[in-house]
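Here's a solo chain for you in structure tokens, the form predicted on its own.
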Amino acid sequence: MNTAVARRTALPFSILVAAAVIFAAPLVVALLTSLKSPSEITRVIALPNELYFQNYAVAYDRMGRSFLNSIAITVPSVIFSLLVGAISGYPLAYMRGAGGRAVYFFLLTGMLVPFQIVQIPLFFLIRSIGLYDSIPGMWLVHTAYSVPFCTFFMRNFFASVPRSMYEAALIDGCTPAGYFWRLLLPASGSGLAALAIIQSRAIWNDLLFAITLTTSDKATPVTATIAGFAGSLQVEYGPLMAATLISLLPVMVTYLLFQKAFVRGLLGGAGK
């Protein structure tokens, strides 16, 4: 019996191990490269003869301010995105009829618009309202661009909450707004956590908004600084890999802290 079970699980387990190795390989190569001296960079797979931490010193020195800028951009942008997504997704989850579906599908069309199409008009718009090269300007752009996806995510999550909960709250004298703030949002913690992780990763890793709407050290996020390690004539592979690994830490730590809530949220709040 045990042998039969082992045979059935051997293939799926092998596939998972192979997938894990494939996904981990770039991270391992980046780590090895970040610890090599310039003379060893060309030996991609080989282990470094001696740990060369100077790459991390260079990376930290050049990306220190931009790292703080990314935190200052990401945290408020995620909060605003979640708030807008929850407020807009709530009525769409409970609206009946063709009108609600029409509004919902209209918002979803925003997910089909690539950034490159609005890049130039957005540049002139942000500059005309005085928010070019500023952290509040990045808040506005990231929040606005996240409305379709956040609405889609929270609308579907709210729709998974039993409607009897809403009806019972109204019978007890709770207003729709009171139900949203006092009952629905607290019960949707896993969905909000999942969306927060998705949004934080997207905003933290953004490069196009960064290079289009910021120029100075006061607002440039870490992704734009990392891009600067690759010049037109030379690529600083060691500091580039070190800076990349440093920039990955906040997203990885956030996911590890909230991974259970993330999985529950993606499953539509199962077990609420």
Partner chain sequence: MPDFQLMRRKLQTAGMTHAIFLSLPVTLFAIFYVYPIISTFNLSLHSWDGFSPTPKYVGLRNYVVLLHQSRFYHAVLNNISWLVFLLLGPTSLGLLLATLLDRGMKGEAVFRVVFFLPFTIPAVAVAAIWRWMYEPTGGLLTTILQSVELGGLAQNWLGDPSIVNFALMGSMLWWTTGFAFLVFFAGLRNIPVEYIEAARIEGATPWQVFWKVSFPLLWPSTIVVLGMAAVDAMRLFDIVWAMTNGGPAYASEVLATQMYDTAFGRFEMGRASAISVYLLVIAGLIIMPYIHQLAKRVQDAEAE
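In this text, rigid core is short for the largest set of C-alphas that superpose within 1.5 Å between two forms. Numbering follows the first chain given and starts at 1. Quick caveat, the model's predicted, so the values are computed rather than measured.
Just so you know, the form predicted together with its partner chain exists too; it's not on screen, but the next bit is about it.
- Within this chain, residue 219 is remote from the site of its partner chain in the model of the complex, having no heavy atom within 4.5 Å.
- Although the partner is absent from this view, residue 41 contacts its partner chain in the model of the complex, with a non-hydrogen atom inside 4.5 angstroms.
- Using a 4.5 angstroms limit between non-hydrogen atoms, residue 164 is distant from its partner chain in the model of the complex.
- In the model of the complex, its partner chain sits within 4.5 Å of a heavy atom belonging to residue 92.
- This chain is drawn without its partner chain; in the model of the complex, the residue among 72, 79, 187, 118 with a heavy atom within 4.5 Å of it is 118.
- The three residues 51, 58 and 258 each lack any heavy atom within 4.5 Å of its partner chain in the model of the complex.
- Although its partner chain is not shown here, in the model of the complex the stretch 103-124 places heavy atoms of 103, 104, 105, 106, 107, 108, 109, 110, 111, 112, 113, 114, 115, 116, 117, 118, 119, 120, 121, 122, 123, 124 within 4.5 Å of it, in sequence order.
- Annotation for residue 212: C-alpha shift under 2 angstroms between the shown form and the other one, rigid core superposed.
- Residue 224 shows a C-alpha shift below 2 Å between the shown form and the other one [criterion: core-superposed Cα displacement of 2 Å].
- After superposition on the rigid core, the Cα atom of residue 62 is displaced by less than 2 Å between the shown form and the other one.
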